[in-house]
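The chain below stands alone and is given as structure tokens, in the form predicted on its own.
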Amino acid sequence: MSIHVHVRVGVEWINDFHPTTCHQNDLSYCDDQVVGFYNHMGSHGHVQVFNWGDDNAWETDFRHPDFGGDSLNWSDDVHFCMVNDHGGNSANIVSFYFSNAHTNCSVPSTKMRLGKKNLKWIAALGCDAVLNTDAAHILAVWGGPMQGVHIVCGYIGTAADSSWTAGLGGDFADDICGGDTIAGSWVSRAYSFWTGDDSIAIAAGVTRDDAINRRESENLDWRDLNVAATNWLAWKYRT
């Protein structure tokens, strides 16, 4: 099966953190994963919009304007965004961490409004998209930030910074550009027995059946089948 729509793609990644400003341990493979995704999506004819790394990756690109951010011109101005950094999850709030304190070193999910403009799918490759698979936890973390986005892809708990998974982004892009479902491909590709990475994909829907259908069947051709309201979430995972 082939994909018939063109998808706008943007990625952000951070390997090098500044000890005097936004101190975190340096990473090594964030660029390999997301730039691989970006390049493979482009090779399949999709539209490459931005590839921001290290000091050029800013938390304001994910913060909604209601909270002083610029997400509608960056992460929410593409259909598929992938971000790879140090993630974190505390009190049911996910944070993305950046190396350049353009305004802040991190952005919490409480200040994200994913899908308010164009965003349909986001993959967060840092740690702790969720901490477990309990329904109450997943709903508390993502029920608020998912406001039009179709699917959030991420990890349960920590994600390894490893050469073993450096090719994840390219493999994932090849799958979905070939017609594979987004949730199914992510859960399969992002799981790693060798590095201990446990994968999860969370789909939104107006109804329970809508959310389940998107979890099981949605591919890139569903780009314009909008989620009018995030009334339900349905997820799949591999541990």
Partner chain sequence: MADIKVTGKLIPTPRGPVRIYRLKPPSVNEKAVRSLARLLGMQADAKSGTLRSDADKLSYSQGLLELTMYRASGGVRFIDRARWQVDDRKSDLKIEDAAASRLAQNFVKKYKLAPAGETKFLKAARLHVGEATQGGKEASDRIIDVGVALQRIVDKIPVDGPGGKVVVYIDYERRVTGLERIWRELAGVYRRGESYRTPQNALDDMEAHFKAKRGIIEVQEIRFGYFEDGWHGKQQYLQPAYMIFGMLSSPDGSIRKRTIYVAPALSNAVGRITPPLETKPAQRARPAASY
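Treat the numbers as computed from the prediction; the structure is a model and nothing was measured. Residue numbers count along the first chain shown, from 1.
From this point on, the text means the form predicted in complex with its partner chain, which you will not see here.
Not one of G42, A101 and V227 is positioned with any heavy atom within 4.5 Å of its partner chain in the model of the complex. At the 4.5 Å threshold, heavy atoms of L27 reach its partner chain in the model of the complex.
Contact check for Q48: no non-hydrogen atom falls within 4.5 Å of its partner chain in the model of the complex. Mapping the unseen interface onto this chain, N219 falls outside it, with no heavy atom inside 4.5 Å of its partner chain in the model of the complex. Taking the partner from the other structure, its partner chain in the model of the complex has no heavy atom within 4.5 Å of any heavy atom of R8. Interface residues of 76-100, taken as those with a heavy atom within 4.5 Å of its partner chain in the model of the complex (partner not displayed): N84, D85, H86, G87, G88, Y97, in sequence order.
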